[in-house]
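Shown next as structure tokens: one chain only, the form predicted alone.
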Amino acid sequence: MKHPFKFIITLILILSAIANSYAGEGMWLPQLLKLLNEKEMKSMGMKITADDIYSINKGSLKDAIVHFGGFCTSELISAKGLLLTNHHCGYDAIQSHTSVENNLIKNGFWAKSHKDELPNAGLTATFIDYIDDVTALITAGITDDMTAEKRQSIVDKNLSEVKKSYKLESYQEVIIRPFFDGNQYFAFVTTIYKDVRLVGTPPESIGKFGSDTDNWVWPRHTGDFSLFRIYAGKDNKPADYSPDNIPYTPKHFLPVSMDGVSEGDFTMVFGFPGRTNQYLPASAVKQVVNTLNPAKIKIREISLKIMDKYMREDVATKIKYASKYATIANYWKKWIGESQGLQQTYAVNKKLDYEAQFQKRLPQNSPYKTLLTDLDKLYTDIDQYALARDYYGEITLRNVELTAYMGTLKRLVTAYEKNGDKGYFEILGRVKDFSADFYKDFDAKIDHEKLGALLDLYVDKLDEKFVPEYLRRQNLGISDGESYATMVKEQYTLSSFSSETGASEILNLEPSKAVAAIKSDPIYALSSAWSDFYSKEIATPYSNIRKEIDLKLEKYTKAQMEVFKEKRFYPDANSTLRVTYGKVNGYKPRDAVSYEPITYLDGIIAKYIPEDYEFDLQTRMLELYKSRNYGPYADKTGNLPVCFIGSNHTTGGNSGSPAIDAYGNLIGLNFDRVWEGTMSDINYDESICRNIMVDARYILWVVDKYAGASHLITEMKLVYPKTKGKTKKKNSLSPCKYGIFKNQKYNFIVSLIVWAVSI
């Protein structure tokens, strides 16, 4: 060879490109995998085809993926409609069947037969039948010079017409979503099953092991799973709940691999990721890090501290507030990790460098030349409105329950004022049903303490123009610096709606008297006036600027795809069906710290703290560990795997998504991300972005050995794709021979470089 070093440099560049293609970034539309991703996925180790993943002509993996309740993902794992999802996804359903006397949260639950499975009113299981590209139909009549309002008006009109064109069964819906900030539109035709029953759940000492301390953290040892079942009519089609319904027979379900995972294995996560923002400008990322996240973190920190105090004092309160606490804590901790991750990976600087390249590539007369300057100004204009909006929403809608409940009463009042008694009675039944559910888990003393503390924060941290005059201290006779706590406590004492009894008395009055009583209630008056102020002084200005931002973002996304033609773009998540793929890999979160990709039962025992609500264990778990009764679920070293991590690009909504191996089998259950990588919603970085999955073998072990529910195991199809019936190819280059890097792809690169030098 004449120029060996030139060859080596070329080889390094080529292999670096290959390495980058393994990064795991992207949430890809399943119907486009054949065109965009199949070749890369196969190069990473996938053995199945894109048609095996998504097909409308035959059963495929997509037919086993279920949108669980509209907020999580689940998957079918048997021919009898058995659904696997996360414990935290099924938590509300589990809690609804829990009482102090029959504590399913603490003790777990395992139905011994179909007749013992518990129905859950309102819980749905949604399948994707097929996906259509409807971009041309939705964007017909739109021009580049249109205002945001005009453009949206045409889109809304076209959306309505396109939806009408679909001929659907009574159990089907068509959902149309924008992609690439409105540059593309897809329609999803769905089938919705409404009879979904609880089959089994481990106790919270397994399903929530580590609770809030370990949330968003690796190493993780949480068995975050629960089992449900879809029921159908005798024709296998959706039907309302009936004792006569039968288990659903799916087009496809996922076999469960008993071979487990090793570092470097191909993994695929299939589900319904909620929302990401990968193509934001630097000005938007700065706003998240410097303005919005710090405010939301502080609000929830105060709220959580108050709830925790009362939950630790009383078991009944802990049961009532467990789901609420977990919901609030989840994103509180996520935002902390997100901000730290964005700073650690220099996300803003990366965006600025990217934008400099974008500007450099634009011709002088490009219509996109001022886009970024325009966006910078708009984000400056909206900054304080966005902050006030988050303060209001976090306090009145997500952390203080009674102010949120007042929104329901306001709809009742509005119905009466518009349509009299008729309008009032049309929604009264729904309001009463909601009220019964609301007061079941409501504690006024916790709620008024939260409102008092959060009002202090709202008034002290926001510009005075965002504080209604009737909430300013000087107008309430409160000294500067004095807390709102006493005033709020008095308001709750005077309010009829601080208790279910008081609410019921008013809702049982004749309409005119009920409406008068509602409007004179102090908490309703406060909430209603605050809501009106928010709408006029915060929401409206915010919305006007936001429309302009969205229009500019649409153009910016389009411009990026035109300017960076060599870059492969994927659409942001929007709760539609997506595939993401990567590998089982550890990572280094910070200097001198390196994480392995798999945890074991030994780690659970090491974390065990008797009587601690986060790390306590039941006797059964300790007995099984002591006897090492792992059955066929241990790995080849004799240890029981619990969780593993991979470089799959996931987000909220992917909770409950299956982790699928190279052969299309279930190997785990996605339930979280590592704390350092939660910023993947905005800035995916392969070095620290990892998703966390429960190992399928641990799930099987809990069901079989811990719970004794072996009848559920017999429903499943257990397979050995690695060790039975598969021939392993030998590679004379021995990619990992040199063992320099833990990451297999870099070992491969080093091996080839050494080989090149020896030529």
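The numbering used is simple: start at 1 and walk along the sequence shown. Since this is a predicted model, take the numbers as computed values, not measurements.
From this point on, the text means the form predicted together with ligand ARG, which you will not see here.
Peer 1: Looking at Ala326, Ala606, Ala529, Ile142 here, can you tell me which has any non-hydrogen atom within 4.5 angstroms of ligand ARG in the model of the complex?
Peer 2: So the residue touching ligand ARG in the model of the complex, by this definition, is Ala326.
Peer 1: By the heavy atom within 4.5 Å rule, which residue out of Phe497, Phe228, Phe270, Trp216 makes contact with ligand ARG in the model of the complex?
Peer 2: Contact check passes for Trp216.
Peer 1: Out of the stretches listed (167-175, 670-678, 592-600, 393-401), which one is close to ligand ARG in the model of the complex, meaning heavy atoms within 4.5 Å?
Peer 2: Answer to the contact question: 670-678.
Peer 1: Please tell me whether any heavy atom belonging to Ser655 falls inside 4.5 Å of a heavy atom of ligand ARG, as the geometry stands in the model of the complex.
Peer 2: Yes, contact at 4.5 Å.
Peer 1: Can you tell me if His88 lies within 4.5 angstroms of ligand ARG in the model of the complex, counting non-hydrogen atoms only?
Peer 2: So His88 counts as contacting ligand ARG.
Peer 1: Is there a heavy atom of Glu355 lying 4.5 Å or less from a heavy atom of ligand ARG in the model of the complex?
Peer 2: Contact check for Glu355: no, nothing within 4.5 Å of ligand ARG in the model of the complex.
Peer 1: Can you tell me if Asp212 lies within 4.5 angstroms of ligand ARG in the model of the complex, counting non-hydrogen atoms only?
Peer 2: Asp212: yes, in contact with ligand ARG in the model of the complex.
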